[in-house]
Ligand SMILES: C[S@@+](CC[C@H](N)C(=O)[O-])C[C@H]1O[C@@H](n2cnc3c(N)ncnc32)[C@H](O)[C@@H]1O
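Before any questions on binding or motion, here is one chain by itself as structure tokens, the form predicted on its own.
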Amino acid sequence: MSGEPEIKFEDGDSYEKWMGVWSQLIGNQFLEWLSPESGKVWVDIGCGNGTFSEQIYNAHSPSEIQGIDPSPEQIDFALKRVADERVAFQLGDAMNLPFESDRFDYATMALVLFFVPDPTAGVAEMIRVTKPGGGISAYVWDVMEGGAPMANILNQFRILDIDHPYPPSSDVSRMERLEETWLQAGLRDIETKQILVQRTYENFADYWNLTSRSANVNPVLNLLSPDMTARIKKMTHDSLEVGHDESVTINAFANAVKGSV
């Protein structure tokens, strides 16, 4: 199912509240799996508000990180995140990176590849800007199999036949498509991994207030009547089978891939 409105990221602060914790949880596992060397040069493509760049910075002492993203609002937030001349953020297009060839040791996309209109072109650009022997990696929520953190609400949209936006290249979130994309790009030493994460909210109100801000939920709710929104909220609550004052634990999962140039 597809339709308007589109998924857009226009508020770094809001993104931090509804997705920031999730990004950190999954980013920690992803970096552990990558096991990168310290002191290397990174490009974080689709860096958003800088969450993953900050994780790289804190965990692996890079000599340089270049983050790019198409959203001015996200870049504005990222620029306030890490005060170090080794870390830079700028506007950029994943399919036309503003860097010379063989510049980086590691090129990565965190929760981004399914937003790239042509994932094959995006991976080709990652390879172009990465040194021979360097690492190319990505991870994405498995949106086709219900792995996204807001899947409980999206399920109610589907039950009610309410159009809601998907990332434009959602199919690449499938594990087999990720692996195929890396293979077709000619990368070596390819590995894949499903990463499971879990987040606990204080209660249903906490879960709803944060998760309903997500970029593929909030624009849809804004187009619906208050009665329909209330219905979706109740259906979501019922599906979770928790009391109003009970904590809510949500499981999510992403597919990850890595390879070398």
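A quick note: this is a predicted structure, and the numbers were derived from the prediction, not measured. Note that residue numbering begins at 1 and tracks the sequence as displayed.
Below, we refer to the form predicted in complex with the ligand, which is not included among the displayed structures.
*State yes or no: in the predicted complex, is some non-hydrogen atom of Cys47 no more than 4.5 angstroms from a non-hydrogen atom of the ligand?*
Yes, Cys47 lies within 4.5 Å of the ligand in the predicted complex.
Inset, instruction - Using a 4.5 Å heavy atom cut-off, state whether Pro117 contacts the ligand in the predicted complex. - result: Result yes; Pro117 sits at the interface with the ligand in the predicted complex.
Touches the ligand in the predicted complex: Pro70 (any heavy atom, 4.5 Å): Heavy-atom contact with the ligand at 4.5 Å: present for Pro70.
- Item | Gln74: touches the ligand in the predicted complex, heavy atom cutoff 4.5 angstroms | Gln74: contacts the ligand in the predicted complex.
Exercise. Could you spot which one of Val143, Leu187, Ala94, Ile153 gets a heavy atom to within 4.5 Å of the ligand in the predicted complex?
Key: It is Ala94 that has a heavy atom within 4.5 Å of the partner.
- Message: Please identify the residue among Ala107, Ala78, Ala110, Val123 with any heavy atom within 4.5 Å of the ligand in the predicted complex.
- Response: Exactly one listed residue reaches within 4.5 Å, namely Ala110.
Which among 28-36, 202-210, 49-57, 217-225 is in contact with the ligand in the predicted complex, heavy atoms within 4.5 angstroms? Answer to the contact question: 49-57.
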